[in-house]
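In the block that follows, a single chain appears as structure tokens, in the form predicted on its own.
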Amino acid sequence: MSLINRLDTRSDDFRTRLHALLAFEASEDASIERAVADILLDVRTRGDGAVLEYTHRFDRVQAASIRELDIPRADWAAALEALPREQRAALEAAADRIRSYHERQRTETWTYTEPDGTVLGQKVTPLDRVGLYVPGGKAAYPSSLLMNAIPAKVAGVGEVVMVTPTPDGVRNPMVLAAAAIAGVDRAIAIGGAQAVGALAYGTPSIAPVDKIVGPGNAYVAAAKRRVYGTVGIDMIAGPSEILVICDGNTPADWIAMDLFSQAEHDELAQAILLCPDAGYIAQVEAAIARLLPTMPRAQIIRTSLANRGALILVRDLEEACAIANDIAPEHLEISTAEPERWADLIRHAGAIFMGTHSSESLGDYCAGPNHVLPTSRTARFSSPLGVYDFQKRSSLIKVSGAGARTLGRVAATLAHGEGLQAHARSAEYRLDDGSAS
């Protein structure tokens, strides 16, 4: 049995087989949805008491108040100091690169003045308060904390509140160290749907936030979906994806391991190679077979590649780029000579890695751009998480007297046409310095 699907764009059934591999719909488990709805209603109704009860039930942590679940800043600093030197240096280097990249995304307020003195523009302001969900226990990802918290602080968010579950009271030291490095303002040892509800609705001890970001399990994702509208959210992410366009000149082992790097996330992750060289595809397939037994997460990778992975023979690199645009992948590696040439043809991708040395794994940790990326073909209309997700824009309108006379006639005509007479009269009052027309 083949470890990974083999497709050829020349085959009559290529499109059908490709779309079958791409098909993924996030299933909404009815029992999860009911449980989350009940938890959110309870938190909205009973506040702190509900959060404490669910924290005891799900994380086996007993506390008499939310304040007892606050993780003191001194503990973050202690965790940072206690980290092995190499781990601390790596976290700090990643944070510096992430901060440097995102500082270039800041948008400033701007205005312009028209000949009649009317001033128009845009005012950019940060969100006041952001909630950051950080998985705890074995699924702790300090890199995700950096990717979410640093853009928020660069944007000027006044308060970043981190919530993280601590099953049986166990706190992840790298997460706490990353919180200290990223400039998080408050950390609370709570998780699950109850934490999302507390951030969205507020409780006597937790002020409501304006937006909730960060990854979580199915319950957290369902809760974020339900509170959207009360607060903003970053996205509902699907399984991880990598698409590699290769001209056949990169070592086959490198490409096989790049495919593994996403397949090891979970069984639903997707890893695809597009290449015009059939002989090279055979080399990659052989590398997959040889390297897979050496992987600690071999069974997850095996399932992912068998169910959703593919090695696709294309006619040429132009066709590969066209297929990439159709797939709109989360991560796109262009492992070719002159990668910029092919990147110019790409319209839809979360992150584009150009050249043989640009492995996707570097983007996950320390290249600088954000690793929170659109999945499940949503790169067709959405973007990586960035500073702009923590800022909002207000329109600025200062109309001069001369401008009011010009614009008033236009507005009044349109308002009369829509049957909105008060709109029209409001504009007409200003046609002649306060005299009604």
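One-based numbering along the sequence shown. What you see is a predicted model; the values in this text were computed from it and never measured.
Same protein, other form: the form predicted together with another copy of the chain, not shown, and the subject of what follows.
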Seminar exercise, completed: In this chain shown alone, the residue from Arg67, Arg46, Arg57, Arg380 with a heavy atom within 4.5 Å of another copy of the chain in the predicted bound form is Arg380
For this session: With another copy of the chain left out of view, choose which of Ala207, Leu313, Ala306, Ile346 has a non-hydrogen atom within 4.5 angstroms of it in the predicted bound form.
Result: Ile346
Exercise. Does the 4.5 Å heavy atom contact test between Pro142 and another copy of the chain in the predicted bound form come out positive?
Worked result: yes
Exercise. Wondering, does Arg34 line up within 4.5 Å of another copy of the chain in the predicted bound form on heavy atoms?
Worked result: no
Problem set entry | Partner contact for Glu241 in the predicted bound form: another copy of the chain, 4.5 angstroms, heavy atom | no
Problem set entry | 4.5 angstroms heavy atom contact with another copy of the chain in the predicted bound form for Arg425 | yes
For this session: Quick one: find which of 351-359, 269-277, 189-197, 152-160 has residues within 4.5 Å of another copy of the chain in the predicted bound form by heavy atom distance.
Result: 351-359
Exercise. Who in 228-250 is close to another copy of the chain in the predicted bound form, meaning a heavy atom within 4.5 Å?
Worked result: Tyr228, Gly229, Thr230, Val231, Gly232, Met235
